[in-house]
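One chain comes next, on its own, written out as structure tokens in the form predicted alone.
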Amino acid sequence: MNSVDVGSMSHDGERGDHTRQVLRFVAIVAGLITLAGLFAAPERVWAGFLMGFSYFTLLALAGPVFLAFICLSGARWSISLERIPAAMSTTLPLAGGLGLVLLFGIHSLYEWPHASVLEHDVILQGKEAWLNPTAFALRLVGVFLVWCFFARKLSTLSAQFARRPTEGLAISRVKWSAAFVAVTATTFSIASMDWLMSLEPHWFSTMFALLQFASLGAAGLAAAILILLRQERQGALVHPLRDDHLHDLGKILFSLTLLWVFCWYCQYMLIWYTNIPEETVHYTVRKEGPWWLLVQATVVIKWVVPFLALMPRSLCRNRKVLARVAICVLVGQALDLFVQVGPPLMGPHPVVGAWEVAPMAGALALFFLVAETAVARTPSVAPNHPHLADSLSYTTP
């Protein structure tokens, strides 16, 4: 290795350490602000905490979801990149810990736990068996126990298969991956309706869970791309990252943002077309004043920008473009959560301050800090892996 290579790697390492320091600083400061907000402005800070918790869980759960789909699809081009979703999976227990904290904010966030509200609301009385603090807490703990169990199982099987690729392990991975996808389809739907939809307990949408799944895919892949590119800049990747890998990642990100806007449009169009008061109430506030501008900004940042930027083949293979598009998707996801959580808690006028921003910024910083640290502990693919050569020599069509 020549002196230029050593200097370059040293510079990248210093930059990586600086980034970790910034992430650690943001996580600590945001945590302190959030803690102070629990006493100074609990109604506002709990809204921010719900958004941060939901965002953290979305990104954490994307890890095992990607591992499962890579296995079920039989994809070979991504074999050398599996360390990234495996590392993201390790953050799920921490997300569960944040969920336990959320239980203390139920009465500040939701109207259905209050007896004074139930007394005069026939609809909520009919939903009381499902929407009550005890059932809410049991479901939250239950889904995280299930997710953490499957995430650990899939990560363990992936690591074992990476070191010793046998037919028995391959079959076991497929079975566990299929079971995880089936279970997560149900549990994530329940969780998203509990945490987000029940903010407006009179409202319902049959597209809501699918819309959240699309957000999980798009935001999760955007986070994975950023972690992967940072690992490459630091010289921490065991196997080289080809332009063809980037091209496929860009195409999938393009497809997932397109899926998200399709689901978003279907939900809006179906509710607008049927014009049922129980459904249209969701858009009544969001189609007026500042909220409508934020809704439009969400669509532009989360879909229009990726759609235009990733359309050309050359831009999908450009590291700077792909990183910036990934950041746009993550910013769009933050706006999306704000538009979902804000109106029922803030009314017609959005409120944005340290109490709302700090919990979400802290959650994102904590996720990237833990996930990037976990990459170094995740085993790489063994040289004798039957599909490693296909991944390293992959050429996109």
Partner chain sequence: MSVHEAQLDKAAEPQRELATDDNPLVDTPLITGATTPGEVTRHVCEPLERKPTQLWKISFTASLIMLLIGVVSVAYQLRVGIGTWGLNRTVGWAFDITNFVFWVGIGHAGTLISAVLLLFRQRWRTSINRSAEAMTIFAVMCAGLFPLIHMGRPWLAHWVFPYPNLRGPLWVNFRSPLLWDVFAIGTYLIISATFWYVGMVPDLATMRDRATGLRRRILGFFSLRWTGSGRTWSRWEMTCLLLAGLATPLVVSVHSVVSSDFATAVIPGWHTTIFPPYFVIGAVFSGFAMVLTLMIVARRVMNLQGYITRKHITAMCKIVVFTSSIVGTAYAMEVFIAWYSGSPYEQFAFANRIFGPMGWAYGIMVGCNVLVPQLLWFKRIRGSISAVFAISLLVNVGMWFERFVIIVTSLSRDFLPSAWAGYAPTLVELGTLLGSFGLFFTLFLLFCRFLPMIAMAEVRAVVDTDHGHGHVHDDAHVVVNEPAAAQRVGLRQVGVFKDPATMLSAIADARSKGLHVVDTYTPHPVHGLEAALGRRRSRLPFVTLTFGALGLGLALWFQYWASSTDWPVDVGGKPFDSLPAFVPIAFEVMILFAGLSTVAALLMRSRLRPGGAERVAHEGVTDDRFVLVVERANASLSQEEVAQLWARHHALDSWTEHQR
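Because the structure is predicted, anything quoted here is derived from the model rather than measured. Numbering follows the first chain given and starts at 1.
Omitted from view is the form predicted in complex with the partner chain, to which the following refers.
Student: Is Phe149 close enough to the partner chain in the model of the complex to count, meaning some heavy atom within 4.5 Å?
Tutor: Phe149 lies outside the contact set for the partner chain.
Student: Look up in the model of the complex whether Thr134 has a non-hydrogen atom within 4.5 angstroms of the partner chain, and give yes or no.
Tutor: Outside the cut-off, so no.
Student: Counting only non-hydrogen atoms and a 4.5 angstroms cut-off, does Pro386 reach the partner chain in the model of the complex?
Tutor: Yes, contact at 4.5 Å.
Student: Would Ser189 sit within 4.5 Å of the partner chain in the model of the complex, counting heavy atoms only?
Tutor: Although the partner chain is absent here, Ser189 would touch it in the model of the complex, with heavy atoms inside 4.5 Å.
Student: So which of His239, Lys153, Arg76, His107 reaches within 4.5 angstroms of the partner chain in the model of the complex, heavy atom to heavy atom?
Tutor: Going through each option in turn, the one that passes is Arg76.
Student: Just one of Thr90, Gln234, Gln267, Thr298 has a heavy atom within 4.5 Å of the partner chain in the model of the complex. Which one?
Tutor: Here the answer is residue option Gln267.
Student: Decide if the three candidate residues Leu32, Thr34 and Met51 all line the partner chain in the model of the complex, where lining means a heavy atom within 4.5 Å.
Tutor: No residue of the spot touches the partner chain in the model of the complex.
Student: Tell me which of 214 to 222, 96 to 104, 80 to 88, 310 to 318 has residues with heavy atoms within 4.5 angstroms of the partner chain in the model of the complex?
Tutor: The contacting stretch is 310 to 318.
Student: Any residue of 254 to 281 with a heavy atom within 4.5 Å of the partner chain in the model of the complex counts; write them all down in order.
Tutor: Those in contact are Phe262, Tyr265, Cys266, Gln267, Tyr268, Met269, Leu270, Ile271, Trp272, Tyr273, Thr274, Asn275, Ile276, Glu279.
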